[in-house]
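Starting off, we have a lone chain in the form predicted alone, written out as structure tokens.
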């Protein structure tokens, strides 16, 4: 029996997650619980149910088939969709995710996030975009969640991609045992490595885990021949201070010969619908998105340390210039 893993999404024509035009594969499951996570549907390692309240006509069909009484009775769609409404269709503590409600819903208001796929199925899907890779220098980016949560499967996907001549990029938070990451690197051209904070206590407070293992893995990664792009999600009240960027720039400068670039990623709250669909109260939903221009000054702090730095992390323009010149 072929091994399968849960995929939350396969995004086509991605231009911000490695060079060129890429196919971005999101695996479900992550050991971190970052307060600002923009992909909450990738955290749990099991299928979940979205309730898309704007599509719900409150017909009651889902309630009729639920064996666990985990569906609330219908109310007026207008009341359910009103700003500040506390109504959520699914009682998550009772739901066993049998998916009977999803099958009964005729309006796609209830949908499953998390599809079981084999490595061959994933690579076949990735292969469809080969013409875009050829012209832009793109390829596959394996993301999550956290790919290292599925070490054997992720290694299998990366190996299959390399065997087909597809450029591979591993998007990782680095929170794993080194031997897990080392095995994957055998078939990785580029590592997108997240650096969230350099202070262990602050890191744990906002992500649920310390950063000791992450920083150690980055140091070991810098000793390999894998290209490295550091990605720093800049989050208000967490790591947007001058003190953080000063320390981070100093730390990363130790590996500047191995790090091709540092991407400062501005915080945004465009993911708040996904939290609502999952019935999660996201504390950062009212936090304003960061204007990218505000990150040019911190970006200069990394440049002063000899590191190439970008704001936003787009890989397409740079790759297109390489391809044309």
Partner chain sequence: MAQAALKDTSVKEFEKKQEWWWAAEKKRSKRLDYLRKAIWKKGAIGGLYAPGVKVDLERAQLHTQKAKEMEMSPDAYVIKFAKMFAHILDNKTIFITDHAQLVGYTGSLPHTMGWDPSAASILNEEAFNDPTAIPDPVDVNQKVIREINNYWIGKTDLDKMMPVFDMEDLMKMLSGSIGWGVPLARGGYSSKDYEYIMTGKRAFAAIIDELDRKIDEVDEEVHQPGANAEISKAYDKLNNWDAMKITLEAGIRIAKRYARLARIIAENFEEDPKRKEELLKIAQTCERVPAHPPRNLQESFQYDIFIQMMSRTEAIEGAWPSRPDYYHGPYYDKDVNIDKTLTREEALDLVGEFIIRAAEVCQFKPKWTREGLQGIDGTWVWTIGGVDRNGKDACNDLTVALMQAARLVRVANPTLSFRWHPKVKDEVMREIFECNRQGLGYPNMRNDPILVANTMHWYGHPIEEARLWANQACLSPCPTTKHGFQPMRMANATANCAKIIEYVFTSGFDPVVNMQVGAETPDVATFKNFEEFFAAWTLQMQTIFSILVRAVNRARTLAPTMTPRPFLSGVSERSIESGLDTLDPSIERGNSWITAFTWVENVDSLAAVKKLVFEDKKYTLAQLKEALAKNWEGLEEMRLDFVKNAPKWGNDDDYVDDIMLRCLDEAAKFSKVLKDPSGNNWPILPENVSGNIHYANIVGALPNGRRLGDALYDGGISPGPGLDKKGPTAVLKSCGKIDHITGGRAFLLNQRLSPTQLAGEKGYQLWSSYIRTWADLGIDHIQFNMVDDATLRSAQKDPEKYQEVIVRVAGYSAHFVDVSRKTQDNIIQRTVQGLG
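Quick caveat: nothing in here was measured; it's all calculated off a predicted structure. Positions refer to the first chain, counted from 1.
There is also a form predicted together with the partner chain; it is not shown, and the following applies to it.
132 is the sole member of 251, 244, 132, 178 with a non-hydrogen atom within 4.5 Å of the partner chain in the predicted bound form. Checking 49, 34, 70, 265 against the partner chain in the predicted bound form, a heavy atom within 4.5 Å turns up for just one residue: 265. Only one segment in the set 217 to 225, 146 to 154, 122 to 130, 182 to 190 has any non-hydrogen atom within 4.5 angstroms of the partner chain in the predicted bound form, and it is 122 to 130.
When the partner chain is considered in the predicted bound form, residue 306 lies well away from it, no heavy atom lying within 4.5 Å.
Among residues of the shown chain, residue 38 is one whose heavy atoms approach the partner chain to within 4.5 Å in the predicted bound form. Interface membership of residue 78, defined by any non-hydrogen atom within 4.5 Å of the partner chain in the predicted bound form, is ruled out. Using a 4.5 angstroms threshold between heavy atoms, residue 55 counts as touching the partner chain in the predicted bound form. The putative spot formed by 43, 281 and 297 is not touched by the partner chain in the predicted bound form; no residue has a non-hydrogen atom within 4.5 angstroms of it. Heavy atoms closer than or equal to 4.5 Å to the partner chain in the predicted bound form belong, across 102 to 117, to the residues 106, 108, ordered by sequence position.
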